[in-house]
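One chain comes next, on its own, written as structure tokens: the form predicted on its own.
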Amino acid sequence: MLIVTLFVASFAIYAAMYLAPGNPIAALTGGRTPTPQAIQVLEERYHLNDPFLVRYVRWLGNALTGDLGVSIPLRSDVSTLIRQRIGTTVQLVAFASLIIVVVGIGLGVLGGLRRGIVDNVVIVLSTLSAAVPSFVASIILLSVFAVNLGWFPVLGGGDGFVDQVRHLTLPAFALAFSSIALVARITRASVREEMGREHVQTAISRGIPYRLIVRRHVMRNAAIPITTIVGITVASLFAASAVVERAFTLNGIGAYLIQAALSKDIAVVQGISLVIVAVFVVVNAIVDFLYATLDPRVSLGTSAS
């Protein structure tokens, strides 16, 4: 199923870029008007005159070997261009994922276990977080913590581990901001549902330690829906990182995707899109394996009831 998903996604990506407006010849010639002979040479060199299916099969075959084509404007290998930038995106997504897991699940568990003021505060915080998109969060964090307070660097990725952490802190929070609300709400609902089950209430009435009940019964059973939403959220961060990387001038594949789209660098857009889809599929596969680990009753490739 994973292979089929990747195949369908690759076809959709290539077809979309094939139908997109823009002329590769114009990018090759810098907007100048080439002679008919020059056009013919360029079309033959880059296989621009081949039928769509022939070009797609060639591209897919090369992609399976790690060759994502050549950037026409830059005359550079797309795989190399992506490899030079993907490290920044992976670091940003990993940092944001850590924030989402710690803050999102933490708030959700507090709201699910403690009714009253604590639960109301969690609801208010998650509602505010959900209402702020990444680009707005980027502007606010830059203005307050970088420009006005000067606590964090304004732009760039930094050098060395400590400096990179300082540079990525604000972008990571901006990227994680709205996702925290989603994870917190699902966690809160799952914990609240498990706390209401008969066997949990029976264990509480028997005087079994509360922490033991929460750890062994509540969190164990709530782990599957929480894992699901965390997995989907983390996978989506690779696509959502584009806006944040652009705002903080980070040299990641998200910002480069926007740059390539603006310059009509079709090969780069196709390559980065395929990488993002592949990451999403791989993360979902990992989530499937975690299902079986968390609950032996769940078979691989199926969902929990």
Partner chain sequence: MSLVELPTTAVPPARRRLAGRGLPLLRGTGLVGHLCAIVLLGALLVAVFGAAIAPHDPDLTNLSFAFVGRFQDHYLGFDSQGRDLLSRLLAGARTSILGPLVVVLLSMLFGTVLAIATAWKGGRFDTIVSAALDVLFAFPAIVLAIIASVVIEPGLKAASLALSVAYTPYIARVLRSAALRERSRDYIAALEVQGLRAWVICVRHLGRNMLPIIVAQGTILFGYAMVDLAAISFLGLGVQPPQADWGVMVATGQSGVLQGYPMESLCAGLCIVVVVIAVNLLGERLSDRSTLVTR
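Keep in mind that this is a model prediction, so the values were computed, not measured. Residue numbers count along the first chain shown, from 1.
What comes next is about the form predicted in complex with its partner chain, which is not displayed.
Residues placing heavy atoms within 4.5 Å of its partner chain in the predicted complex fall in a single listed stretch, namely 241-249, out of 50-58, 66-74, 33-41, 241-249. Only one of Val147, Val118, Val165, Ala94 lies close to its partner chain in the predicted complex, with a heavy atom inside 4.5 Å, and it is Val147. Shown alone here, Leu81 lies farther than 4.5 Å from its partner chain in the predicted complex, counting heavy atoms only.
Among heavy atoms of Phe135, some come within 4.5 Å of its partner chain in the predicted complex.
Shown alone here, Ala16 lies within 4.5 Å of its partner chain in the predicted complex, counting heavy atoms only.
Not displayed here, its partner chain is approached by Ala12 to within 4.5 Å at the level of heavy atoms in the predicted complex.
Along 259-286, these residues reach a heavy atom to within 4.5 Å of its partner chain in the predicted complex: Ala261, Leu262, Lys264, Ile266, Val269, Ser273, Ile276, Val277, Phe280, Val281.
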